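There is one chain below, alone, in structure tokens, taken in the form predicted alone.
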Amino acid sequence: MKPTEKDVLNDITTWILSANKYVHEHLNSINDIRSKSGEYDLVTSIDDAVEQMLDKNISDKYPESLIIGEEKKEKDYSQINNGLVFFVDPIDGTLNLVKKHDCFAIMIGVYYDGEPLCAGIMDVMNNELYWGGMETGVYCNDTKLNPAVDLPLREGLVGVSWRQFLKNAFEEIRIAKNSAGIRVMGSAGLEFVEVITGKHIAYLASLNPWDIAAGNVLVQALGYRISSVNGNSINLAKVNHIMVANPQTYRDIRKIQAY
């Protein structure tokens, strides 16, 4: 049976706040820093502990659900469109955590039968929890956020992934030149937050499913457009080259990419 959005939101926000408390308590005792796919693709003892905490919470409350976690060695995408699925990113922006103890997030995105249900993104160092769902709307702590407002590309800042920007694979440089400027945060979750709070007008990046899942729920709940850069729907079984923006900015970007 499909759980209610309200019940799942109550659970994930409680779990994320508990994980946030743990991170603050252990921020000065990080150990076991390891590289994964490259020198700057890091995982730490905090990543491991937070994911274990969240996995246990989810498994205890929803034993029949599927969990796709960043640090899980085995990821089964074959059933992500069946029943309840939790996408977990215990620390989004681990390099930022290690290098400056700032600008990183804890994220959970929840889907049912392949459709967005609800999500939470915790801006850890600012103690701001962005949470909501398709029925509930989106909040920052106790403050409800406003729906997307149409603005043209030239009037706002664009968040980018620096590696993707340097490759300029999807006209990122021309997009940047037609905007007010670009910004790089190093945390997909916080880039999504910049968009849903209106601080950035768009975000372009190449992201894994656990990087996208939570933000995908929140931007859709507020009326933002999100797709792969070629206009296709997001596929949470693979890496996606995504762009998210308000509807007018989205159309402006698509025109530039089609030039």
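The shown structure was predicted, so the numbers you read here are calculated from the model rather than taken from an experiment. Counting begins at 1, following the sequence as shown.
Note that the form predicted in complex with another copy of the chain isn't included here; everything after this is about it.
Q: Counting only non-hydrogen atoms and a 4.5 Å threshold, tell me whether Ile16, Pro63 and Ile80 all contact another copy of the chain in the model of the complex.
A: Checked in the model of the complex: no contact with another copy of the chain for any of the three.
Q: Pick from 112 to 120, 92 to 100, 129 to 137, 142 to 150: which stretch has a heavy atom within 4.5 Å of another copy of the chain in the model of the complex?
A: Of the stretches listed, the one contacting the partner is 92 to 100.
Q: Contact between Glu155 and another copy of the chain in the model of the complex at 4.5 Å, heavy atoms?
A: So Glu155 counts as contacting another copy of the chain.
Q: Even though another copy of the chain is not shown here, does Lys56 get within 4.5 Å of it in the model of the complex, heavy atoms only?
A: It does not: once another copy of the chain is placed as it appears in the model of the complex, Lys56 has no heavy atom within 4.5 Å of it.
Q: Even though another copy of the chain is not shown here, does Gly223 get within 4.5 Å of it in the model of the complex, heavy atoms only?
A: Contact check for Gly223: no, nothing within 4.5 Å of another copy of the chain in the model of the complex.
Q: Does at least one non-hydrogen atom of Lys199 fall within 4.5 angstroms of another copy of the chain in the model of the complex?
A: Lys199: contacts another copy of the chain in the model of the complex.
Q: Counting only heavy atoms, which residues in 211 to 250 are within 4.5 Å of another copy of the chain in the model of the complex?
A: Not one residue comes within 4.5 Å of the partner.
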